Each structure stands twice: as C-alpha cells, then as structure tokens.
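Next up: just one chain, as structure tokens, the form predicted alone.
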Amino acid sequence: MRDLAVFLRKELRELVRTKRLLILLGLFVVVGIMNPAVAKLTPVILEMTSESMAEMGVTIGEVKVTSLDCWTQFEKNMPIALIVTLIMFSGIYTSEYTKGTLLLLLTKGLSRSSAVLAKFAAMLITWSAGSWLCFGITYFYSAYYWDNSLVNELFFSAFCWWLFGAFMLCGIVFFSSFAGSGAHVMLGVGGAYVVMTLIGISAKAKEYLPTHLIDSSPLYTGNAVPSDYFASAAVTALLSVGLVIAALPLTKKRQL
C-alpha cells in the first residue's frame, strides 16, 4: 500500500504539472455546456436556414425542443470526450519505459505492480471526475430549460457510460503492458472496440458486450429498463478486472 500511495501521488502531481488534468476537465465542462446549447440552438439554426431550404422544396415545420434532445446530445458527445481521454492517456505507461523514468523508481525498491495500479487509479479518478462533471452540468441546464423527468433512467445511463469508459482505460493498462508506444496502445484499444462492434451485429450477442452500455436511447425513451443492461455491465466489470490482472505479470516480465 505504501508503494501504491507513493506512485499515486506522483501520478496525480504529474497530471497537474503537465496540465493534462486541467485540459481534460475543461473538455468535459465544454461538452457538458455544449449538450444543452446545441439542443437550445437547433430551432434557431433551422429557422435561419428555412428560406434556403424552402427554395429547394423542403419545408421545415415548427421544431419543439425537449430535455430528450439535450440528453441525445449527451449520448452523441460523450464519445468525443472519451476518445480524447484515451488519447491523452495512451502513452502514460509507454512514455515511462522509453524515458527510463520508471526504472529510477524501481531501483529504490518500489514494485511494478504498484506503478501499474497507481497509473490506472489516476486515469480512473480523472475519468470519473470528468464524466460525472459533464453529466452534472448537462443535468443542471436540462432541468433549468426543460424538464428532466421526461427522460428515463438518467443516472443509470450515466453509470453505464462511466463503466464503459473505465473498461476502455483497463484496455490501455493491458495493451501498455507489451505495446511499444502510445500509438500501438490506441490501435489495440481501437481494434478491440471494432471487434466488439462487429460481434454486436448479432442481437443475441449485443446484450452481453460492453458496447451495449453506451446505447442510451432506449433507456431515455423507456423502451428499455436497467435490467436489460445488467448482463453487459457484469461482463464489462469482469473483463475490466481481468485486463488489469493480466497486465500485472506481463508488466513484470517486460524488459526496461
């Protein structure tokens, strides 16, 4: 535990020093504000383009915006925030290997497993703070302008997004245990996502895949209930733990 605490303090200080934490939290704030802003401005944009569309024979009727439009934007924009987070963290392990900075700490008796877990904890803390901050901002503005009670299972869908993001971070931990660069880590994580998407084409397999967690629309509209996502959540949690556990012996065997 002492080693873990030492490494975690180092990682958190590094996040602050490099302004990576500030940048990511700023991104989540922007996305949180953008979700209701885009929904609010949609009728204005359509009204501005109505004349040109009418000349093309397209008639735009009155557009009524509700909280559902705001949360639809949340579902569309969260992948952007997650992708940026993954890119920012893709080299968090491999850069230590190439620079040799990790070796200096290990020679002082600190364990590799603690280094791996501390880096993962720092990533998870950042993702948790950012994703829930984005959700909170969106929730506040959606409640201010519209009525959140019109949308179902907001908190559960946000938890699903958080769990999926945590799973993707576990992918970074795993691929970093043997990949040579941050680009290779992103290729591994991206490839895993593509594979899950292809497998998810099968309706029977989809409900067990992590990618099912980020399909929030049925929850919002009441066409699905939380229990429909329990199998996917359980598989995602098990895979996440498995990826981190598998990364530990691989990292120990890695030559520095």
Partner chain sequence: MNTELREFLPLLIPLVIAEFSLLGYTLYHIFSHKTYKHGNRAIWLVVVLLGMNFIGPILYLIIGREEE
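Positions refer to the first chain, counted from 1. Nothing here was measured: the structure is a model prediction, and the numbers come from that model.
One more form of this protein, predicted together with its partner chain, exists but is not displayed; see below.
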All of 158, 209 and 219 within 4.5 Å of its partner chain in the predicted bound form, heavy atom check: no
Per-stretch contact check against its partner chain in the predicted bound form, the hit in 210-218, 227-235, 189-197, 33-41 (non-hydrogen atom, 4.5 angstroms): 33-41
Residue among 121, 84, 143, 133 with a heavy atom within 4.5 Å of its partner chain in the predicted bound form: 84
Residue 27 within 4.5 Å of its partner chain in the predicted bound form, heavy atoms: yes
Partner contact for residue 23 in the predicted bound form: its partner chain, 4.5 angstroms, heavy atom: yes
Stretch 207-232 - residues with a heavy atom within 4.5 Å of its partner chain in the predicted bound form: none
